[in-house]
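Next up: a single chain in structure tokens, the form predicted alone.
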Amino acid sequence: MTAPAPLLMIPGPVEVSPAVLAAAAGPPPGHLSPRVLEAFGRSIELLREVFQADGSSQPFILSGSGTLAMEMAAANLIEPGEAALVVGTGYFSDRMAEILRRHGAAVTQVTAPVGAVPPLAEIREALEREGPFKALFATHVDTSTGVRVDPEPLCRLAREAGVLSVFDGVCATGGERFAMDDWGADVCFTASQKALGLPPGLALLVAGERALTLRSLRQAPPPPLFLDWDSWLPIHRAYEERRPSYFATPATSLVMALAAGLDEILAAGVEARIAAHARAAAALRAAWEVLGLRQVPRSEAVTGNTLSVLHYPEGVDAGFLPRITARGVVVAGGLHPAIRTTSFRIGHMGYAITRPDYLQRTVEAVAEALREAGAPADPERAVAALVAGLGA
């Protein structure tokens, strides 16, 4: 008998639902087939609901990873020599800064110690004293640290300073609240393989009206052809009207999966999905506390709900991770350079948060692996804490 596949509890790719899996299965449909046109057009409409964006915004669905979405934001919004402010909370905000530099931006970073968020006062001071800036960039939840920023006050600061606000939602969208229209955010982007609960392979970005207007006023040479919003706007507008159009071949099987996944998220409403992520995260935090595992984020207020980034307990190192894998659950090692060898990461987003059995298997595997590695751990108490939290 074939052994069951291990449970994938890394911070992306994630486990996917049977409906998403079924939608992506089978021979790939043609990019101009009626069912792809319908799935693509509906996905554009549903992305506005997930991002809570208004009708003037434009979602983009591209074949690629979250880094492609980062590149797309930088390429369309920043002209060489313009200044950008990056709120630093981890590895991926550093990546955003590097991408901006490669697009010719003068980058200023406001950073904080690992596990913390820069104070608003410092961000405001940078906007006032070191500008003028074209845009403020922030990572909603950084996958390397588990740190979550609050986008709403950042949007307010950006508007007060007359700059664009741009958010990396790769490890947040679909699992953390993001009210693009209400907060006045200009751009947010994500990738398919995280809290949206899809296979990897789609870069997703929503641009607000102000960002689209500024792109149209660009004076520098246009962005690379594949990244240019102007290349994709007529295609996406045609797809939303269910009309065939062509610029580059989309990942048709993934577009089918995207429509199915967004339908699942919105069946009960995006707020219910976000609340489910928060409930699962709180229950897991209770289990980690029972196991004596300390989180990298320095307070609950800055702790994301889509993953846990945990310090190894004393006397335990990365050699304990294969012990978890041996119990049928795969988690991830550290990523941020400062804590790469002293931390590990567990994803809990998308379909997994709808499956209490997945969460329980994960807690059991971590607890038993800790005990085998010589750390004091009580799997029964940890599971009881999880179950109590999920039932709250």
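For clarity, every value in this text was computed on a predicted model and none was experimentally measured. Position 1 is the first residue in the sequence shown; the rest follow in order.
Although it is not shown, the form predicted in complex with a small molecule is what the next lines describe.
For a residue to qualify, one of its non-hydrogen atoms must sit within 4.5 Å of the small molecule in the predicted bound form; none of A283, N305 and H348 qualifies. Picking from 50-58, 64-72, 357-365, 30-38 the stretch near the small molecule in the predicted bound form, with a 4.5 Å limit on heavy atoms, gives 64-72. At a distance threshold of 4.5 angstroms between non-hydrogen atoms, T139 is in contact with the small molecule in the predicted bound form. Contact between A191 and the small molecule in the predicted bound form is found at the 4.5 Å heavy atom cutoff. V255 falls outside the set of residues with a heavy atom inside 4.5 Å of the small molecule in the predicted bound form.
Proximity of F178 to the small molecule in the predicted bound form falls outside the 4.5 Å heavy atom cutoff. Distance criterion of 4.5 Å from any heavy atom to the small molecule in the predicted bound form singles out R95 from the list R95, R215, R159, H236. Proximity to the small molecule in the predicted bound form, taken as a non-hydrogen atom within 4.5 angstroms, holds for one residue of L198, A207, V166, V170, which is V170.
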